[in-house]
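Heads up, the chain below is alone and in the form predicted alone; it's given as structure tokens.
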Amino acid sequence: MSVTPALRSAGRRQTAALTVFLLVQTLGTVFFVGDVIGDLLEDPVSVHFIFEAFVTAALVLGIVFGAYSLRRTIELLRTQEEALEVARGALGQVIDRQFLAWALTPAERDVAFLALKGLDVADIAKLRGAAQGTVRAQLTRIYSKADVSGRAQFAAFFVEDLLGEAIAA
């Protein structure tokens, strides 16, 4: 499994926006640096020069901070993407182990996994080429083996496991 295209696209848009902002700020700073150098040659003690020098220094610091923030944002996005991949893989392993512990048949495993993905009985039946009654019967056996009363508790079982917190009875 991979990060959703929408999430990846949002991260790229954010990075692109920060990059464009940093480039525009850099162009402005280059202009002000040139202006400050010109003012330095003409009148290095004027209030105008001192003010522009201060603003230019602030812009340079802004660029340095912006570049650092952009780098950190890119690193954070990569780290979050990697963590999501690990969590997805870990959840898949948890689900597989639990299906084995419940001794689900291969058909029940398929149905259980599709139910966890949020598909309804009609969609599961269509995908598996089975009757809806067969899928309902399989879900009933799955819920019985899992000792849950229905789809919500079945899904909650894995969410609790992923979060590492049990809900008090």
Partner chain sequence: MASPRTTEVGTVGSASPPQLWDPVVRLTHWGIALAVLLNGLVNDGGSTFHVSLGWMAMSLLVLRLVWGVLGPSEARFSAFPPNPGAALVHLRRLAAGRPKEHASHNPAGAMMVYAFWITLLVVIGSGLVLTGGATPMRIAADKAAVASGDWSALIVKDGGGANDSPRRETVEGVHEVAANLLLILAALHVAGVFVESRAMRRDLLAPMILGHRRK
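So that the term is clear: the rigid core is the largest set of C-alpha atoms that superpose within 1.5 Å between two forms. Positions refer to the first chain, counted from 1. Quantities reported herein were computed from a predicted structural model and do not represent experimental measurements.
The discussion below concerns the form predicted together with its partner chain, not included here.
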property	result
Residue 12 within 4.5 Å of its partner chain in the predicted bound form, heavy atoms	yes
is_contact(residue 101, its partner chain) in the predicted bound form, heavy atom dist at most 4.5 Å	no
Interface membership of residue 23, its partner chain in the predicted bound form, 4.5 Å heavy atom rule	yes
Partner proximity in the predicted bound form: residue 97 to its partner chain, non-hydrogen atom cutoff 4.5 Å	no
Stretch in contact, per heavy atom within 4.5 angstroms of its partner chain in the predicted bound form, of 119-127, 136-144, 49-57, 32-40	32-40
Within 105-120, the residues that have a heavy atom no more than 4.5 Å from its partner chain in the predicted bound form	110, 113
Rigid core superposed: residue 113 CA moves 2 Å or more between the shown form and the other one	no
Is_shifted residue 70 between the shown form and the other one (CA, 2 Å cut-off, rigid core)	no
